[in-house]
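Laid out below as structure tokens are two forms of one and the same protein chain, each shown alone and named structure 1 and structure 2.
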Structure 1
Amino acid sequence: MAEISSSLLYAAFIIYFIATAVFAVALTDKKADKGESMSKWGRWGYILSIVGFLSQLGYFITRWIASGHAPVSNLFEFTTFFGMMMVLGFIVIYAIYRLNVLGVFAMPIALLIIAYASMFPREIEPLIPALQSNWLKIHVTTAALGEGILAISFVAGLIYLIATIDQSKGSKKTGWLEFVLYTLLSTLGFILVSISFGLMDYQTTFEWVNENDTKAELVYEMPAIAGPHEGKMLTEGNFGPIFEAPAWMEGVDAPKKLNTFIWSLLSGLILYGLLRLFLRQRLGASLKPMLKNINTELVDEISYRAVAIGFPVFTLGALVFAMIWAQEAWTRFWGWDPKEVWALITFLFYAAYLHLRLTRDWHGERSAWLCVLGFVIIMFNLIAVNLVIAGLHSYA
């Protein structure tokens, strides 16, 4: 059953990739991208997206059967589910607006999220006692669904910014837009670097005192730029470390994760530099011509609608259900654990967005920037809070 599950996830990944290409072809249909009709290519892209989603849903169900519990208990499973919920959010939003350019951007970002998930351990493990509750599937799946829908607001906001920001000269806006595109490339870079060193079977072992004050060995699968604090390198002849991770980083295997994070930034920087050399202009300027026929008012409406749908779902899953489970597990509704704090920050941010949008008339560019920033908060909560900051939610 586990093999079937893996095959279905792989099939979904391939189908999503093909759907992206089909949506790109559909962009040539100017009439459809004005929201007037669904083109032939757009229809096929949408059908492929649904088929890919059903395949990934098959992965989810078969992995659930194989493991005996909801497959959202570690970073691989949660991040994969988050990518699936983003595709579901796209399917729902596309059914309403039928905007092909949304598929050109949403599907690759969902692919990046799923590929990023595959970099974490994928083995099926028994559920640890702390997660043996029905609230696992209720709280985590609802929170991921809300984040997946909110991610579509980021996609629409990014499209709006690329389409409207003046690229004829450098400015703070073009700089920040390039930074957003660079972070997406960093995710791609992380995947490429992980695959490359994985194919080389690269490993470096350190002896160190871990977060439980116990002497242990830590195995790096990438060259060590940041080594463990006061660690001793046991593998001879390998690269590094250049410096030690700060002692205050107390998450599970925090030095190794910091090292991975640094590699992501460096690989993204290299990819960005190579693309700039090849294109000889900013990435935003390169993408802008393909968006010249889109209806920016419609894109702005999509970003708002995605938040309007995703916000209550996220609130229910990440706050309400989370507090009920916290009361049951820890006899208190709220404890200021880092994950709880960032869930609250995410809630307050999108509440402020809706307030500014509805009462202060924050439409267009300002609304788009907020949607982009909201996704940054979600990804910080997913990556940094899970990987680096120690807390009651550090299960992976």
Structure 2
Amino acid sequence: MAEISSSLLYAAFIIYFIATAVFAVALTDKKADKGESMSKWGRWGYILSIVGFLSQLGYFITRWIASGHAPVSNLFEFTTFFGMMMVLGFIVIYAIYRLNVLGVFAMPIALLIIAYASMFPREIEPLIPALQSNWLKIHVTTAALGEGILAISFVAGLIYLIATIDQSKGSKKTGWLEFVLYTLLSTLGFILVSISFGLMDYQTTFEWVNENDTKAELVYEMPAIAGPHEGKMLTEGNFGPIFEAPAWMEGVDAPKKLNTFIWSLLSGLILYGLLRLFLRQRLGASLKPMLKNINTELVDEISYRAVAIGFPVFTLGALVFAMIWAQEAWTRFWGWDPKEVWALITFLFYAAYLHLRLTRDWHGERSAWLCVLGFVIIMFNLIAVNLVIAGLHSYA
């Protein structure tokens, strides 16, 4: 069952990939994207997205059967599910607006998230007592669905920014847009670097004193740029470390994570550099002509609509259900645990967004920037709060 499950996920991944390409072709079709009728290519892209989603749903169900619990209990499972919910969010929003350009951006970002998820340990894990509750499936899935829909607002916001920002000369805006694209490339870089060193079976072992003040060994799967604080390299002849991670970094295996983070940024920089060299202009400027026919007003409305649909779902899943479960498991419905706080921050952020939308000044570009920022907060809560800030939710 577990094997069928991973094959289905793999299949979904490939189908999403093809769907992206089909949507990209649909974009070149001149008749399309007036928001009225679907073009032939657009329809195929949409059908493929749904087929991919069903395949991933198959992965989800079979993994559930194999593991005996809802497969949303660790970072691999949760992040994969988040990617799946983003696709679902896309399917819903596309059904309303039929905008192919949304697929061109939403599908690869979902792909990136699913690929990112696959870098975490993938075995089926048993549930610790704190997770043995029906609320696991209810709270986590609803929260992920909300985040998935909110992620679509980011996609639309990004499209809006690429389509509207003046690329004739460099400015603060073009700079930030490049930065957003660079972070996406860093995620890709992380995946590529992980896979490459994984294939090489690269390992460097350090001896160090870990966060529990005990002597331990730490195995790096990537060359050490940042070594453990006062660590001793046990593997001979390997590269590094160039410097040591600061002592105050807490959390399980913090130096290793810092090292991985540096590798992601570096590889992203290389990818970005290569692309710039090849394109001879800003990435935003290269993408812009692709979007010259789109109705930016409509894209703005889509990003707002995605927030309007996603916000209540997120609130229900990440705050209301979370509070009910916390009351049952931890004796209090609210405890200012970092994950809880960041869920509240996400909630407050989108609440502020919805209030700002009441004034016309905040429609369009400003609103698009906010959607980008909202996604940054969601990803921060998913990645940094789990990996860096230690708390009750650090299951992975």
Partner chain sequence: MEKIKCECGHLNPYGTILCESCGKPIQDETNDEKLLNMRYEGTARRSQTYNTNFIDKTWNFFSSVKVGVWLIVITLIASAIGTIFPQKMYIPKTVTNVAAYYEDEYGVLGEIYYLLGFHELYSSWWFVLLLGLIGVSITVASIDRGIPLYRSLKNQRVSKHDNFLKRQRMFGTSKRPEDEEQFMDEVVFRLKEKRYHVRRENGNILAEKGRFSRWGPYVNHVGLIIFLLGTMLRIVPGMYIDEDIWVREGETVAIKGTDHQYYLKHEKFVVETYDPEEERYAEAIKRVGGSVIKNYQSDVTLYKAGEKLPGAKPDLTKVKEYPIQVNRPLQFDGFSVYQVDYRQEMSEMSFQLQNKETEKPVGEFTVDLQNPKDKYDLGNGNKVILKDYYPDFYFNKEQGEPATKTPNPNNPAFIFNMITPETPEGEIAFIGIRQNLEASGDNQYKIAFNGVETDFITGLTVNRDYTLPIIFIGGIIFMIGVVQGLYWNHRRIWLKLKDDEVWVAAHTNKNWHGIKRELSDVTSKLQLNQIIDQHDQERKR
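Take the two forms, superpose them, and find the largest set of C-alpha atoms that agree within 1.5 Å; that set is the rigid core. Counting starts at 1 with the first residue of structure 1 and goes up one by one along its sequence. Bear in mind the structure is a predicted one, so any value in this text is a computation, not a measurement.
Which number, 1 or 2, marks the form predicted on its own? The chain shown as structure 1 is the form predicted on its own.
Align both forms on the core first, then report whether R332 has a C-alpha shift of 2 Å or more between structure 1 and structure 2. Where the cores coincide, R332 shows only a C-alpha shift between structure 1 and structure 2 that is less than 2 Å.
Threshold 2 Å Cα movement between structure 1 and structure 2 at H355, rigid core reference: No, the C-alpha moves less than 2 Å.
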